[in-house]
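Okay, so here's just one chain, in structure tokens, the form predicted on its own.
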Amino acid sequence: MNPFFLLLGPPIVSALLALAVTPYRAIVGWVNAGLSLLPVLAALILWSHLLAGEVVTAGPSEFFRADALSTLLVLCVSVVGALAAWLGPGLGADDGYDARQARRFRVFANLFAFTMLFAVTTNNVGFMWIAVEATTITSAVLIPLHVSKASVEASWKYILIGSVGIALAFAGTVLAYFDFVNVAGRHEAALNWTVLMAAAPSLHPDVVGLAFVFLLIGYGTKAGLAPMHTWLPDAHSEAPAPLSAMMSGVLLAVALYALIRWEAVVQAAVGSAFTDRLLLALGLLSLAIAAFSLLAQRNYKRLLAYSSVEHTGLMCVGLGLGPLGAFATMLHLVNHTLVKSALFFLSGRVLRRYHSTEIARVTGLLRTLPWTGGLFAAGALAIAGLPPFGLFISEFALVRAGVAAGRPWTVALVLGLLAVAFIGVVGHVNRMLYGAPSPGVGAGEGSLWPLVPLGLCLAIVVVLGLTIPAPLERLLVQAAEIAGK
């Protein structure tokens, strides 16, 4: 079977099944959970083809194409999508959601996963733009799954700011397209990334440079880069935990993927100095705003959201630091996906027990939820960049890339801001873990099986802190090469 059918078919089938079965039945959720493993299998098949030296394509004019960068993102999205399917509402457990909410989650979470998978596998940058826009619609519907004034406002803010960003990305896409047509004439597959890459050296530098500014602001808004990040803390903190995990774990990475695709085209047209300066500026600004915002947080879901802004900024900085920086970015993307999605799922268990997202109202977590609290502590230490977790290695690789690129002041600034972020994350989480349990909060974990996949995610990040398996290293190296380095 074509791996693209295996990748894109199951989310659509699951969404249609949830839509068709009324009233909602738990069997729909379990079928969805089973089908969610097929995209993971498809990702592994695409990966095996890459290891054999083959880039899988499908459709007219190679409409679908899975090179190393696409396969890396497919792997991340499919794994987090499967986690959301197995740990999300609608499996019959007492999870705080009624049948209508569970049905809505199963329909739109699957459509959300489908649009992200489509965005990272289509070779056509126009359809990639449409798919990224569709991620806004499919995810915004789920933010107010528990309807409240704050969740509805967060959803609208996300739609409005995200739409403005995506409109700017459209303007950049159109500018680049017309420049291509002006140079090469009308072409059947003019918006295919591979065609644009081949024609890039002959494009007009000024036009392509202007297009990249629009694309950087546009897709950067979706990726949560400052100063366009203001939608992110509200949306991620008000969304249900499985959606927060998908948004923070992989949606930001998908937007960054779109940016990397265009960065490669622009670098081929105007060289790397122009894009590197812009990426470093926005990356450092994001890192600075996030680091000091982490210190001031009173809400642990917003704490995790600002941590996502911090790490997206770090990845952006890495992209501006040459080949070593691009490799560090790819490794950091994998580590961040695993840790942040696990942390948001764990935050959902904390919220169900404490009925509050306020840090001050969550104390004694290690006594009330010892396993959840332990994993939450491990995830917090990982996201803060401590060894032996993989994020320490990817951040170290990023620093090394900055030194090799001859940017000591950038390295010094990054290290200083990482220290501020470390104090913010560890200080707040420490207050949650210890002390007397909050009044009225009972002790005991309940069902422990949902912790197994989350613990496995953190275990993988520990392994990545000790060694990078050869097949993964080859994938990361090839993905970094695509980033135009």
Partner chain sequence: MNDAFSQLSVLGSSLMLIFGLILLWRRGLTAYINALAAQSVVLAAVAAVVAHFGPARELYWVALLLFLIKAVAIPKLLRDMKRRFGTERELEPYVNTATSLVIAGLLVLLGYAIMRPLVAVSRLPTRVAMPLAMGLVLVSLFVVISRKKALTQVVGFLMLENGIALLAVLGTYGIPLIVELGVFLDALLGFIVMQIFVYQIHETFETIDVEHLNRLRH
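Everything numeric in this text was worked out from a predicted model, so none of it was measured. Residue numbers count along the first chain shown, from 1.
Another form exists, predicted in complex with the partner chain; not displayed. Remarks below refer to it.
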Report summary line: Per contact check vs the partner chain in the predicted complex (non-hydrogen atom within 4.5 angstroms), the hit among 408-416, 347-355, 210-218, 283-291 is 210-218
Query raised in the report: Though the partner chain is not shown, can you say which of R400, R361, R367, K157 has a heavy atom within 4.5 Å of it in the predicted complex?
Result: K157
Query raised in the report: Among L386, V164, A404, A99, which has any heavy atom within 4.5 Å of the partner chain in the predicted complex?
Result: V164
Query - Contact check for R25, V40 and W193 against the partner chain in the predicted complex, heavy atom at 4.5 Å - result: no
Query raised in the report: At the 4.5 Å heavy atom threshold, is E238 in contact with the partner chain in the predicted complex?
Result: yes
**Report entry** the partner chain contact at N124 in the predicted complex, heavy atom, 4.5 Å
**Finding:** yes
Query raised in the report: Is there any non-hydrogen atom of F396 lying within 4.5 Å of the partner chain in the predicted complex?
Result: no
Query - 4.5 Å heavy atom contact, S202 and the partner chain in the predicted complex - result: no
Query - Heavy atom within 4.5 Å of the partner chain in the predicted complex - qualifying residues of 245-277 - result: none
